[in-house]
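Below you'll find only one chain, the form predicted alone, shown as structure tokens.
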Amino acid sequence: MITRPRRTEAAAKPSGRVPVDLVATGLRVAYERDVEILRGVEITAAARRISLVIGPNGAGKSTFLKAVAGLAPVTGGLVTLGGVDITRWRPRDLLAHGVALVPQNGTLFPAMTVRENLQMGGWLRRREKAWLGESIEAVVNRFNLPRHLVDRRAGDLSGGQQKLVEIMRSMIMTPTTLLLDEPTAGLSPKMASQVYEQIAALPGDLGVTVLLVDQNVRSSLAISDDVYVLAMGLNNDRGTARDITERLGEITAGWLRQGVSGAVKS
């Protein structure tokens, strides 16, 4: 069982940014005019907390995260960060504003070293060599990455190590908000546990607001604070992690009654 580190108000962001709420209001997404994937979703990722989005297959979970990240066609509603409207912003503008995404599919450059991949995380400030070197050093130390791996080809790392490097790369620009899409998909239970432990520590250690989409429901509930349940592109339920954990059987039974499916992984 993964336990959540105790979070204190003393934790500070090295970037100097102040963590704020990310709020989706009435969010709608349609890849084709007459086929809506999201139909007015309402989710608040509270500052310095882990907000988890779960639901059956086809609920719109990953689409929601892509919409927030500027990668899906938003047709209605708003996404705000600390009251600033960031709806339809480009990913690079979101990153400059403190919002970083780690997508489900691997995005490392396998022929490049881990260090070179981490350098790509600071692309917007790539000309600031001293800053970039310091940021990489800080991230390597924060995630306790073994030194002998830093100059190894990323493609030679295990799946779990690669996912951790992806998360590390997303932290180079010291974001206030981190979007994670299925971060342990395809990993062994041991490696998944290591990834969850790193995610669980982010709000307390760095003050990062985490918005997490995950199919490993029981494991992700163990590190989360707030939970939103989607089904068929709509809000289906919400509550604290403890509340949703206690009602998980009832919730998944409801998915079956609605004619949708989705495995609950431990």
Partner chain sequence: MRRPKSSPKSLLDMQTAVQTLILGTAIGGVYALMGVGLNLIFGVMRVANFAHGALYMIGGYAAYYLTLATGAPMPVAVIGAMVVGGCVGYFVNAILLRPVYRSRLERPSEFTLIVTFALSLMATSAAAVFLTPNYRKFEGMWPDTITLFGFVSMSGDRAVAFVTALILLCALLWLVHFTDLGRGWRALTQNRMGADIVGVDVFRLANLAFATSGALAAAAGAVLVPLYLAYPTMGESVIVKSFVIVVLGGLGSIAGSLVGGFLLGWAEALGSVYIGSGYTDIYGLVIMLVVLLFLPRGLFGISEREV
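Residue numbers count along the first chain shown, from 1. Not measured: the values here are computed from a predicted model.
The form predicted together with the partner chain exists for this protein as well; it is not shown, and the discussion that follows is about that form.
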property	result
4.5 angstroms heavy atom contact with the partner chain in the predicted bound form for Arg49	no
Lys129 within 4.5 Å of the partner chain in the predicted bound form, heavy atoms	yes
In the predicted bound form, Val84 touching the partner chain (heavy atom, 4.5 Å)	no
Interface membership of Gly121, the partner chain in the predicted bound form, 4.5 Å heavy atom rule	yes
Contact at Pro189, Ala222 and Arg238 by the partner chain in the predicted bound form, all three, heavy atom at most 4.5 Å	no
Sole residue of Gly233, Pro56, Pro203, Gly70 within 4.5 Å of the partner chain in the predicted bound form, by heavy atom	Gly70
Contacts with the partner chain in the predicted bound form, stretch 103 to 120 (heavy atom within 4.5 Å)	Pro103, Asn105, Gly106, Thr107, Leu108, Phe109, Pro110, Ala111, Met112, Glu116, Gln119, Met120
